[in-house]
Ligand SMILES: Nc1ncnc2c1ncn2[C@@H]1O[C@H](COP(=O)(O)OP(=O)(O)O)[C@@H](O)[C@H]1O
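First comes one chain, alone, set out as structure tokens in the form predicted on its own.
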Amino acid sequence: MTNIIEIKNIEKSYYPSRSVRVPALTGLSLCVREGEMIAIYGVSGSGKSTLLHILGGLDRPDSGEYILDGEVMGEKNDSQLARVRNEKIGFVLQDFGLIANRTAQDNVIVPVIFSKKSLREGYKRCKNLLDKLGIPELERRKVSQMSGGQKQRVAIARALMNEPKILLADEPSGALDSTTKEEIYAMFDMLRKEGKTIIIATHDHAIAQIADRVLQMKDGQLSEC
């Protein structure tokens, strides 16, 4: 397998005030093979979310190199980064990130609106995704009327909408009960088997049962578990 992600010596710090520097990532390096599922563990504040934000092009490192699917991300301006995000990366969040007063269809179709793809084809793909994820009955239901598990399935459908190569999930099971967690993990396992590259930041060690690699984040660095 080829590497779809390569990051080398990434440094990232935050400055809550002019005189205070808080390092988040310190010389971090990571290679991810295409089709691999990686679980990243770490306590709050260890740098997991910062790493995902950089991998997803939502934030930039202070220094270091990031290559995504052959593209050097540090050479891209904000609009180019947005294009890469929309075409190659899907995000799944702990709080789902859905528009509560809109339907599943309205939420899932959002990535297509910001792409050059046909809306007609987008609605067709939306329907197919909801069928695939076992929630066709939610197509016209508002998010505010859904359970946590249903919301997370809708969020996964939205993340898959533009057929990204990579899924980034930040605590995707944090708001779910144990039974629903198992269902969501089975869904990630299915997507991995279909060839998606998946990186999950989590506190839940159950994800290790399906991950290809388990990494520990501590003090802005990664180590194999």
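The model shown is predicted, which means the values in this text are computed figures rather than measured ones. Residue numbers run from 1 along the displayed sequence.
Beyond what is shown, the protein has a form predicted together with the ligand; the following relates to that form.
Heavy atoms of no residue among Ile99, Thr103 and Gln150 are located within 4.5 Å of the ligand in the predicted bound form. Contact check for Ala211: every heavy atom lies farther than 4.5 Å from the ligand in the predicted bound form. Although the partner is absent here, Ala186 is not a contact residue: none of its heavy atoms lies within 4.5 angstroms of the ligand in the predicted bound form. Although the partner is absent from this view, Lys181 stays clear of the ligand in the predicted bound form, with no non-hydrogen atom inside 4.5 angstroms. Proximity of Val43 to the ligand in the predicted bound form: non-hydrogen atoms within 4.5 Å are present. Remark: of stretches 173 to 181, 61 to 69, 156 to 164, 22 to 30, the one touching the ligand in the predicted bound form is 22 to 30 (heavy atom within 4.5 Å). Applying a 4.5 Å heavy atom cutoff to the ligand in the predicted bound form picks out Ser46, Gly47, Lys48, Ser49, Thr50 from 46 to 73, in order along the sequence.
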